[in-house]
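Below sits a lone chain in structure tokens, taken as the form predicted alone.
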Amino acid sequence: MEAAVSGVAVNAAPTGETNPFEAMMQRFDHAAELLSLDEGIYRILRHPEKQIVTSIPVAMDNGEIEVFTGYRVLYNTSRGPAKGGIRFDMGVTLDEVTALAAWMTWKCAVVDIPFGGAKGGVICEPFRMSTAELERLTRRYTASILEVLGPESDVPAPDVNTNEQVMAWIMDTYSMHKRHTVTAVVTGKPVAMGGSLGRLEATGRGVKIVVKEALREMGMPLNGTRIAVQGFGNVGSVAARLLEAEGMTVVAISDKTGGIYNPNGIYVSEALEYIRHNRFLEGFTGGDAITNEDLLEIDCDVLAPCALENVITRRNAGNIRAKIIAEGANGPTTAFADAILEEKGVFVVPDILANAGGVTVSYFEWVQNREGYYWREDTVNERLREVMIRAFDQVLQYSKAHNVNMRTAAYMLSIDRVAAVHKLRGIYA
């Protein structure tokens, strides 16, 4: 997602519903059909350009050697260098990484930044590893995919369970091989190493921007509108804090330990302070304890799923009472649930638009690295606002012109942009 997110424990969706690549392809196929996409371009866009599977031997602190499996998928680079995060998690699979790389392709196209899509991951339990072990894992993984990395070819970023420190190790490893400092090889770096101001908050800030635009489109007021946020990590907590500051009432929040519900509103600053001292929300007394599943179905105006994928399924979609869903996470809604939500009249701002703030400011960071001139934070935030509002309006107009929902419109617009470049470039033979 181009930003770390907070995992949650949820019930599994029905069998066959949660394969991330198949879910992405269902939406791709639908959009391609509506576009009458050229058959040859369709075949190209249905396949990733490159999939790397690599073994990563690491010397652990106890002297033993562990071998981890890592992936890096470059889905499409027709519009520019591949862009996409790296996640460290036991649930990483090649299907998941490929789907996320495809989503990054459409995400970059929908906000019209000159990147293609990529994603990476390592199967590991980072919270059970020491800092030294994580550094050795990161550096060996970087070395194993070195041939595809580079400011002009593939630019990673943080994702689930990775952060600016991991990006610093990647940048240093790459730079040591190149024999000079290459800041633009990753984004989401520490500011002291060429990271961008405003980058850490960018995904959550993007969610805030699209929520405001969705409320405007639906004719709903900002002040007092009730929002529930699933996932209180970097994305959800920032979105909740910024929307509260805009006058919205945050009635529910959650993380992997469960959720809190207060119909009169939760003080987000108090929740953030609690997490600073206790790491998780468990034990926070700002409301009644609820499960992550309950949070999705509570009475609210806006629901922002900002955790992991496949939390809104055909099992619970019919019970959702929110009028607007802003997908801060990647793939929180299954393809089967889409039809149910549309029938209910729920206005869904899809993930490839709603959480594109992170990759947009990653693009800004890459630009700043390459020109060697760094922007003020207010400049970053204002340019992010301009990009997100323009993209929202373009998707909305596409939706109205083609009489489709926002997700289908976002896919149609992004696929159309990628296909147009393929037609112009032709096939190298």
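Keep in mind the model is a prediction, meaning the values are calculated, not measured. Residues carry their position along the shown sequence, with the first being 1.
The following text describes the form predicted together with glutamic acid, which does not appear among the structures shown.
Open item on the list: in the predicted bound form, does residue 254 come within 4.5 Å of glutamic acid, counting heavy atoms only?
Closed with: Answer no; every heavy atom of residue 254 is more than 4.5 Å from glutamic acid in the predicted bound form.
Open item on the list: Under a 4.5 Å heavy atom criterion, is residue 157 part of the interface with glutamic acid in the predicted bound form?
Closed with: Flag for residue 157 set to yes.
Task: residue 355: touches glutamic acid in the predicted bound form, heavy atom cutoff 4.5 angstroms - done: Answer yes; at least one heavy atom of residue 355 falls within 4.5 Å of glutamic acid in the predicted bound form.
- [ ] Would you check, heavy atoms only and a 4.5 Å threshold, whether residue 101 touches glutamic acid in the predicted bound form?
- [x] No, no contact at 4.5 Å.
Open item on the list: Please pick out the stretch from 62-70, 378-386, 356-364, 25-33 that is in contact with glutamic acid in the predicted bound form, where contact means heavy atoms within 4.5 Å.
Closed with: Careful reading of the contacts points to 356-364.
Open item on the list: Could you pull out the residues of 62-87 that have any heavy atom within 4.5 Å of glutamic acid in the predicted bound form?
Closed with: Going through 62-87 in order - heavy atoms within 4.5 Å of glutamic acid in the predicted bound form - the hits are 83, 84, 85.
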